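Next up: a single chain in structure tokens, the form predicted alone.
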Amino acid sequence: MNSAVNGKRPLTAYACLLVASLCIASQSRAEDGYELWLRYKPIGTRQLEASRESTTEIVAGTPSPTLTAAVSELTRGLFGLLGASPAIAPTVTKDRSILIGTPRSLPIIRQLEVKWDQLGAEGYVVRSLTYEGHPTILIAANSDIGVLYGTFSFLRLLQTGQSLQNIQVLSAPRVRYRILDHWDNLGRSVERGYAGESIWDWHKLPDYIDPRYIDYARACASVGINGTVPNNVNASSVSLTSPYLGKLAALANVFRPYGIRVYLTAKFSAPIEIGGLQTADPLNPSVQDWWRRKADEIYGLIPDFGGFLVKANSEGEPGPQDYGRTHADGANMLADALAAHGGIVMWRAFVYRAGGDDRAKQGFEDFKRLDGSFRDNVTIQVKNGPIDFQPREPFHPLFGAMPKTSTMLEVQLTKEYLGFATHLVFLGPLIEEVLRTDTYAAGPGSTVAKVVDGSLFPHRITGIAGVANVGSDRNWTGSHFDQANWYGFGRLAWDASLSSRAIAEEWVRMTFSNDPAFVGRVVAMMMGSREAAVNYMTPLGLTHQMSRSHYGPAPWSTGGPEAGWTSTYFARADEKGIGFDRTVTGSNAVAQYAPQVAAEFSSLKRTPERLLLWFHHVPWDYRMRSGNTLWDELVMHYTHGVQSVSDMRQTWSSLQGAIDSERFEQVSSFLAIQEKEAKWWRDASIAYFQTRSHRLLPSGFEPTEHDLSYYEALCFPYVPGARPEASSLCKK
């Protein structure tokens, strides 16, 4: 049966051969990490022999830009994995075939039994079946973008060594908006970026399209990411000017076939800075009209523009409170401007101001009272914890506290507080931890995941955003293992029920090797890496003990323009003990949580020890569940963190020869850096806190390498990703 519809021809073998030639050139390059998890290297002999026969031809639906991308990716992947290019056929003629399309683009699949209603707009089915007597693989969806997602899913099965017999995959995303936020500036610097310059070369856009943009889109689509915000949350109004909107439109054209919409961070003061107005008051009719006209201009260039991300009245950024208005006033003004075009507003809840008894409370205080005041095309973008992407925080109390308002989760992939690119820290466990935490907002089982995906409180906007770790480095993320955080974010944003361990195993198999011994050891490294970092940086609920440049330890940090930027503000270490009292005897931040959660966090005995010092000021001699004193336990955690990194180094060294030397050597070098810096963290922290505790180290534990004055004198103002003011932080 011919798959052509309305006289249009199916995809030709020429497209297949073109992609195959590109794949040959790609494979001749060194293993530098550029190909990410889409390497498509030859698979094992047994699977190779079985798979060659099952992929002899592709029967594709009527071409569209997205379906063309899907067939090209399938051809590219099969050529790399199996060593032979499949033919493109108008109908099933071979013993083995792949049917790929939608019921509309490939009518022959209408007769197949598929639960189309469960797929939605982006879901897909991948199945092995018999069609007209021939063993066949079906990759189908209700939309072409679903077909593309299904194609990547099928290739993932091949890459990870899965059997192609009895495939039964039906998958659909749990949240609608799965977005990468890039903190990239127009001059190509990246705030909190550790992978080189920005990948966006605005100077050359729109006339030159870097092929890297296409590969970025492929990588995002392969894990289900469907949106990108290319400019910094600390935005420049220039991004909204006509020349730069034309540049953004060029990116949108590249991303569209891969299902990725572009968004913009909108600077609230843009009507003044580029609009010639005297005010940015959201209730001013001239301001409202300016934003409506700006929205019309954007959609005239980018019909599927996603909308605005906004950081307002936070860290000096302008916002509606400058005019005595609320966050709802500001968000609703922008929402009204976008509403006619179907756009959304992602309004960040990361706000805090000078003063107050507890910085952790301020986001809740500003937004909780506004629940129900926002338009239905507004979502409040909430960080996973109430401070700022720390190695470990409790979940943000706003999750579940605003049942009448959409809230989306924001996590950070770029590891601003987790050792930058040189520390191996897999963030899958961190994201999984917050998604599975029970808020008790509507009784037991009210997890953050259910808040975010709309199953607890229904909202038409559901979403997860990740602060991107992508840059211009050849390996994209600054280190090979940081690629796993990009990959893991996408997989968990698609389906929060996935386990981070399973995701890590997928990534290792696709990125390095399917050898079981290699996979087992490396997955174990990854799964323990986040806890190791927590231990050598901020154990037992400590938080924000970093230097002002966010590189290295500085538990002694004090002073400066904001108390809430200093380490001493959070640790509150004195002769009596350590930790921030957030119970009723302190800031009472526990009251912002549901009663069941508040009762747990209020109790010194019931609070999980991993969060103990977040909620309690604890005496140094307090007996922990292990029987050790708090002081001894603190020292033990710091030391265990260093030992964990040492163990990772030994594990990795034992794998020499299992992968290419280029990637192996870089990982080895970075693990050496991590071990050195973990020891620095351990020694500097113990040296400082010992001046407060006046306790000896527990028996058998090594003293610090240097005294406190040595560590206090260290200063590194020019670390990558730091804000410009960081260069003035060192003492003269």
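Residue numbers here begin at 1 and follow the sequence given. This is a predicted model, so every value here is computed, not measured.
Not on display, but discussed next: the form predicted together with a small molecule.
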Requested in this report: Verify the contact flag for residue 228: yes if a non-hydrogen atom of it lies within 4.5 Å of a non-hydrogen atom of the small molecule in the predicted bound form, no if not.
Outcome: no
**Report entry** is_contact(residue 233, the small molecule) in the predicted bound form, heavy atom dist at most 4.5 Å
**Finding:** yes
Query raised in the report: So, in the predicted bound form, is residue 393 in contact with the small molecule at a 4.5 angstroms heavy atom limit?
Result: no
Query raised in the report: Looking at the partner-bound form in the predicted bound form, is residue 633 within 4.5 Å of the small molecule by any heavy atom?
Result: no
Query raised in the report: Taking the partner as it appears in the predicted bound form, which of 250-258, 265-273, 307-315, 654-662 has residues with heavy atoms within 4.5 Å of the small molecule?
Result: 307-315
Query raised in the report: Here the chain is shown alone; which of 73, 122, 506, 416 has a heavy atom within 4.5 Å of the small molecule in the predicted bound form?
Result: 416
Query raised in the report: Which one, 383, 480, 450, 327, lies within 4.5 Å of the small molecule in the predicted bound form by heavy atoms?
Result: 383
